[in-house]
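In structure tokens, one chain follows: the form predicted alone.
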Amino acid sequence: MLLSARKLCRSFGNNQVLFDVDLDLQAGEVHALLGENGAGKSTLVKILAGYLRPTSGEVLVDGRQRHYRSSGEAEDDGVVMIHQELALAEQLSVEENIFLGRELRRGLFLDRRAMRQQSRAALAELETHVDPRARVKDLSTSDQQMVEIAKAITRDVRVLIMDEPTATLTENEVKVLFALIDRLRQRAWPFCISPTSCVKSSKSLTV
């Protein structure tokens, strides 16, 4: 298994929201977490992505137990989460957002040419028309999600977690997103979609 959860529990004070949750993710799978509000879906994926620590239980990557102290440590393992509220700086360009906080440099100066080339390559892999030079504020919501996924690609993502990715999309934008997920699934990328998306996959869908 690429990523596993074993008997994960999480409490907030006296309120326990996760009870002995088990989950296995393998490359090329798409998983959808479904449940009512308050069922613990977002709590589970935030634990997997390093935003929360479990009260008990364990997370394993490649069979090794991991104790993430931050989302950055999870990203180092290739586990990346895209939140429902996209974390993009709208006044900056696409390429500036993709490398925000980890800019490429040549000596003392930003290597804008390299960042543009790598941004263009990541967006091309997603088969999207987004221009790396475009301002994020001028993009549609679905294109902004593509930028978030491009950010993940440049981080060598192995597991991509998306929190309610269809919540703010139109019907056509949802179709675009599902087509993208299926293309990446065929390239053996594991996805964990939370919490209420229904992802159609010809190969694997675990609910």
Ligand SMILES: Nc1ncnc2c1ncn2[C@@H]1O[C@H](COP(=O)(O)OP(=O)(O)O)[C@@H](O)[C@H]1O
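Given the structure is predicted, the values throughout are model-derived calculations rather than measurements. Sequential numbering from 1, following the sequence displayed.
What comes next is about the form predicted in complex with the ligand, which does not appear here.
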(request) Name the residue from A27, A167, A39, L180 that puts a heavy atom within 4.5 Å of the ligand in the predicted bound form. (result) A39
(request) Work out which of the listed stretches, 134 to 142, 150 to 158, 66 to 74, 31 to 39, brings a heavy atom within 4.5 angstroms of the ligand in the predicted bound form. (result) 31 to 39
(message) Please tell me whether any heavy atom belonging to V17 falls inside 4.5 Å of a heavy atom of the ligand, as the geometry stands in the predicted bound form.
(response) yes
